[in-house]
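Given as structure tokens, the chain that follows is alone and in the form predicted on its own.
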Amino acid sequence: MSATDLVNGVLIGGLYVLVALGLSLVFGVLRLINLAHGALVVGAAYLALWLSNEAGLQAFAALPLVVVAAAVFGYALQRVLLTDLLLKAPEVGIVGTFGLAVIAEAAFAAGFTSNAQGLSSSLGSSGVTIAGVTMRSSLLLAFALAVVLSLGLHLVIRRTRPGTALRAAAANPATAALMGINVNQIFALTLALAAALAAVAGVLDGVSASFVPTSDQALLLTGIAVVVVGGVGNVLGTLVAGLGLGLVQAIGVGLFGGGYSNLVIYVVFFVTLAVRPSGLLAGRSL
């Protein structure tokens, strides 16, 4: 196991952070386990692929369009469908998002076939070598964005007026509504932000690795593992857990081989549930 393997493990953890951030945010605010979150990530990759095929846009040139489209979709999804489902019962919302994930997988297969696809970008194949450690450029970008977006989101939630309204809506929607806060608007904007974060993760993941219509399942499970290990609804916990799981995965692959890469993550997930079910940074959520 080399230093390059360990460093790139941490950098891959940046991708895990980007996948998990929106999932953690939605659970922390809406108290919803969004089982369609992985489909949002993969859907962003497919949208970037479509823009590449139809408009000739490279992955990162398409990224702003993909992020805006994902945010609009997330906002509309919450306003049109998920708010009504959550009012009935939380479990109805969970079942609803599962149905959306199944529909999305079928739509991806119908529109793009079940063949593995990838996004074209020079960052996907280039690298940077520092002190003998070679790092993939796309993973470096993922790591940087994971840190910047996590810290930025944390500051917005904790230090701004919109963040105060968000925390109030998350803590007690009924009381927040009595205080004049538009809770439905807060919820819709939360899902819009989560979808936008998923879009960033989808494009970077599509540049770094191939994807198929059912890739959402593994992405969702990894995201859930990161959220649980870091503490549900905890942005900084998500950052620490994602980077840590990437490192642990790299160590596991070095010891046991590549076939155990996902198993290592799931073992850490179940151990955390057994030992510290509230996560590494419990008590610091929204």
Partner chain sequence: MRLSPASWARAVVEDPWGRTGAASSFAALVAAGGVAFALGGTLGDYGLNLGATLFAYVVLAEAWNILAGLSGQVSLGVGAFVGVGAYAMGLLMVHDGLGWLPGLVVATAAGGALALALAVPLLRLRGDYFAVGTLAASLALQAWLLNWSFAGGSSGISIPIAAVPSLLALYEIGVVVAVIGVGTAIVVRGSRFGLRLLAVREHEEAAASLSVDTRRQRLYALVVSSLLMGLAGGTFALLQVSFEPNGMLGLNWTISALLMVVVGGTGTILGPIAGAIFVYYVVATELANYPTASFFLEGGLLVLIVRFAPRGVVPLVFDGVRAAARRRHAARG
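Positions refer to the first chain, counted from 1. Note that the structure is a prediction, hence the values are computed from the model and not measured.
This protein has a second form, the form predicted in complex with its partner chain, left out of what is shown; the following refers to that one.
Between its partner chain and the residues L51, L247, I224, L63, the one pair within 4.5 Å by heavy atoms in the predicted bound form involves I224.
The single contact residue among L140, A71, V183, L85, judged by any heavy atom lying within 4.5 Å of its partner chain in the predicted bound form, is L85.
Contact annotation: G99 falls within 4.5 Å of its partner chain in the predicted bound form, judged by heavy atom distances. Mapping the unseen interface onto this chain, V228 counts among the residues with a heavy atom inside 4.5 Å of its partner chain in the predicted bound form. For F27, a non-hydrogen atom is located within 4.5 Å of its partner chain in the predicted bound form, even though that partner is not displayed. In the predicted bound form, its partner chain lies within 4.5 Å of some heavy atom of V232. Residues with any non-hydrogen atom within 4.5 angstroms of its partner chain in the predicted bound form fall in just one of 239 to 247, 41 to 49, 257 to 265, 55 to 63: 257 to 265.
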